[in-house]
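In C-alpha cells, the next block holds one chain alone, the form predicted alone.
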C-alpha cells in the first residue's frame, strides 16, 4: 500500500508541472493589464515601467513562468498587486475559511445522500424511490447560486432568522466554534451541499440497487444472515464506487464555491478569486488557482488509496 501511494505521488509530478503551466498561461492570456488596476490613467510612463519591472511583467512570458515557478517552489507566491500583502498569507487565510465551509457541506451532503440513497434502494414502495429520485434530480438541476439568493430572501430578508452574509458577527474575518458563527454557516452550507447531495444520492441508490441483485446477497439471505449484517456487506461492496464520486464532489466543493462565497460574502478562496479577477491581481489569481489545483490532485490521490484499502480486489497499474 505504501509503495502504491509513493508511486502515485511520483506520477503527480509531471501532472503538477502541467497544471502550473496551464495556470500561468490562462491567467496571462486574459485581456487587460494588471498594472492599470493599481495606477491612475494619467500615471507617468516611468512609474508604470518601474511597477512592471518590480512585478516582473517586463520579461518575456517563458522567463516570467520560470521565475514564478522557481519562487513558487520555495513557498513564496509573491505579493498581491491590490493589497500589497503576501499572497501566501491571503491564500492560506481564505483557504482555511473555504475548508471550514466545505467540510460542513460535505458532512451534510454525504450523510444525507447515503441515508436517502440506501432507503431508495431498499424501498419496496415506488413512492419512496420516486421521492428520493426527485430530490436528487432537483439537487443536480437547481443552480446553487440561485438557491443561495432564494435562501437569503426567505430566511434573512423575510423571516429574519439567519444572517445573510459574512463569516461571523461584526465583520469578522475568522471563524470560531460558537453560536453566532455557526448561524452564519447555515445558509451557505445548505446552498453548497445541494449539488453533491443530488449526485451522490443517485450514485448510492443505483450502486446499492445493483448489488442487491447479485448472487452473493441471495446466498447470504439463504444462510439466514440478518438484514443488518447484509447491509454492511452491501455497503462495503458499494464503497469503492461511491468513494470515487464523493472524492470528485468534495473537490468540486472546494473549487466550485466561487459563486456561493460571493453571494454570502464568505471570505474564502472563491471570494478571493472573484475579487482578484475584477482587480486583475495576477499573483492572487495564480496562487489561489494553484493551491486549489494541488488540493484537488492530493484529494484524488487520497481517494484512490482509500479505495484500495476498502477493496483490495482493485488492482492499480
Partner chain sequence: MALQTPSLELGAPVMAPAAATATRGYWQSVRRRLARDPVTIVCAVVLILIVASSLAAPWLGLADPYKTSMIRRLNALGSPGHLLGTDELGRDMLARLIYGGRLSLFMGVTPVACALLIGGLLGITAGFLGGRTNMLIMRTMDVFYAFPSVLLAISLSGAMGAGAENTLLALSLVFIPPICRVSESVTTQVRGFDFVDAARASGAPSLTIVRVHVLGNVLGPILVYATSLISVAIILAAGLSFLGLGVKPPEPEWGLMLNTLRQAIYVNPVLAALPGVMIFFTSICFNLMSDGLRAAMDVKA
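If you're wondering where the values come from, they're calculated on a predicted model, not measured in any experiment. Numbering follows the first chain given and starts at 1.
This protein has a second form, the form predicted together with its partner chain, left out of what is shown; the following refers to that one.
Original post:
Exactly one stretch in 81-89, 152-160, 213-221, 103-111 has heavy atoms within 4.5 Å of its partner chain in the predicted bound form; which is it?
Top reply: Residues of 152-160 come within 4.5 Å of the partner.
**OP:** With its partner chain left out of view, choose which of 169, 164, 96, 240 has a non-hydrogen atom within 4.5 angstroms of it in the predicted bound form.
**Re:** Flagged contact: 164.
**OP:** Let me know the one among 128, 140, 182, 235 whose heavy atoms come within 4.5 Å of its partner chain in the predicted bound form, would you?
**Re:** After the contact test, the surviving option is 140.
Original post:
Given that the partner is absent here, does residue 278 sit within 4.5 Å of its partner chain in the predicted bound form, heavy atoms only?
Top reply: Within the cut-off, so yes.
**OP:** Verify the contact flag for residue 64: yes if a non-hydrogen atom of it lies within 4.5 Å of a non-hydrogen atom of its partner chain in the predicted bound form, no if not.
**Re:** Residue 64: no, not in contact with its partner chain in the predicted bound form.
Subject >> Exercise: residue 145 in contact with its partner chain in the predicted bound form, heavy atom 4.5 Å >> reply: Answer yes; at least one heavy atom of residue 145 falls within 4.5 Å of its partner chain in the predicted bound form.
Original post:
Is residue 69 close enough to its partner chain in the predicted bound form to count, meaning some heavy atom within 4.5 Å?
Top reply: Outside the cut-off, so no.
Original post:
Along 194-233, which positions have a non-hydrogen atom within 4.5 Å of its partner chain in the predicted bound form?
Top reply: Those in contact are 195, 199, 202.
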